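Only one chain is included here, represented as structure tokens and corresponding to the form predicted alone.
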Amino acid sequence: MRVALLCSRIRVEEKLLRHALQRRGVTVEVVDDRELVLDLAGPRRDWDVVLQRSLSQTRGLAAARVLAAAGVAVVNQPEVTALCADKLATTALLHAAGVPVPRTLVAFSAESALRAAEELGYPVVLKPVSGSWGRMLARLNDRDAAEAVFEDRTVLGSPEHSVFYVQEHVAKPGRDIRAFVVGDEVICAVFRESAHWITNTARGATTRDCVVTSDIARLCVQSARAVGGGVLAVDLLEDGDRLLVSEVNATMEFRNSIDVTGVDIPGRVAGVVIDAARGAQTMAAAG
């Protein structure tokens, strides 16, 4: 059994995933997405499955699409990765599936974005349609701040910045919840705690174990199904006595969640990859 670990660099997560696969007798080839060359007439198919862990959403998604089109199994599937990389698409699908999300308005100019902010009421949160690690998030506390930031995004000029994703600010209790979903099971969850309003471990948040309640399990599985399922991290916000789903992540980081939960997260991911590889081998043998 051969698995390609597609990544931009070997972080702690990739080391743990490689080790978990190798302990299960899997041959792992680390593939640097910056060095990869794929022939559209016939990409390499000597891997049973590709585990996509690229830091670059653009490179990772492009490679996954080419490989999947050639019949190579990819975890997560490119359609799922594409949806999770687009906050607007994710939120729209979650809302359509009946998953509670923060109220979100979408606008397409600085002027209409200002009207959206006024309708929601300050403070509001402006998010980039794509991005991770809490970058480019802005909490706008009043009209002056909104005018300045909306004008700034307009001047940046990229097509992505012409879409204004304006969301109600949820006064969370100094933390959010990240739950890890593997298939149809929430294997564990953590509180991410920070004095900063952005509770992301890349911004210094700390983690501690969070009991997976029936509400957390139900919302997270429902969210995972809405985007196509796989190996996902679902972020939830506590708004008083209700839970809201903020985001779904297809290339999740978990280094700070293993010890506090006691769950072998890379081992569980490896199990999904091995199942996908076996499925690919069965299909190849049948074909």
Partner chain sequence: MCPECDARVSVPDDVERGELVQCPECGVELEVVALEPLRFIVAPPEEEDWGE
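Bear in mind that the values here come from a model prediction, so they are computed numbers and not experimental data. Numbering follows the first chain given and starts at 1.
Note that the form predicted in complex with its partner chain isn't included here; everything after this is about it.
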If we test each of Leu243, Ala226, Leu67, Met252 for a heavy atom within 4.5 Å of its partner chain in the predicted bound form, the one that passes is Met252
With the partner absent here, would Arg23, Val182 and Arg268 each sit within 4.5 Å of its partner chain in the predicted bound form, counting heavy atoms only?
-> no
Interface membership of Thr27, its partner chain in the predicted bound form, 4.5 Å heavy atom rule = no
4.5 Å heavy atom contact, Asn256 to its partner chain in the predicted bound form | no
If you check in the predicted bound form, is Gln222 within 4.5 Å of its partner chain, heavy atoms only?
-> no
Given that the partner is absent here, does Ile10 sit within 4.5 Å of its partner chain in the predicted bound form, heavy atoms only?
-> yes
